[in-house]
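What follows is one chain in structure tokens, specifically the form predicted alone.
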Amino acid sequence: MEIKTDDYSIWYEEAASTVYFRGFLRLDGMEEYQPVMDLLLSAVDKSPTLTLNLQDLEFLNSSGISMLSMFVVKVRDRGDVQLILQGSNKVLWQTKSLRNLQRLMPGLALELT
């Protein structure tokens, strides 16, 4: 599973149970984020532990943060998946927004490096 444009790439590596994000993600509204949500939901169905590696995602707009929040809530409500978010302390949006996602799902593991 992969979504690739000139601005960003998102792909799932099943062997690592990890979805990788790279680039600048600034889509307009939830409709444009639906393929990303579909990729995430498909990935979470394949493993009891899923890692989202966001370290190379330099920008995510408010619609993208809303989409990630909705995904975290869906995973929390399932109750059978361990979610790990990997981010970078060097990317400002990640230091603020990823901690807020942890509030939505206290069992979420947040790894900022």
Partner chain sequence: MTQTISTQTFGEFAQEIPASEEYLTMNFSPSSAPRKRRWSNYGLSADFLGDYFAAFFPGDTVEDSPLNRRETVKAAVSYIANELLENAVKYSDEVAKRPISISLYLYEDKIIFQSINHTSPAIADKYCRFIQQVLTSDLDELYTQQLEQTALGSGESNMGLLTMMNDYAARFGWQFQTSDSIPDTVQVNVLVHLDI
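The model shown is predicted, which means the values in this text are computed figures rather than measured ones. Residue numbers count along the first chain shown, from 1.
A second form of this protein, the form predicted in complex with its partner chain, is not displayed here; the remarks below concern that form.
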4.5 angstroms heavy atom contact with its partner chain in the predicted complex for residue 65: yes
Can you check whether residue 39 is within 4.5 Å of its partner chain in the predicted complex, heavy atom basis? no
Any chance residue 76 has a heavy atom within 4.5 Å of its partner chain in the predicted complex? yes
Heavy atom to heavy atom, is residue 69 within 4.5 Å of its partner chain in the predicted complex? yes
Taking its partner chain as it sits in the predicted complex, which residues of 12-26 have a non-hydrogen atom within 4.5 Å of it? Please list them. 24, 26
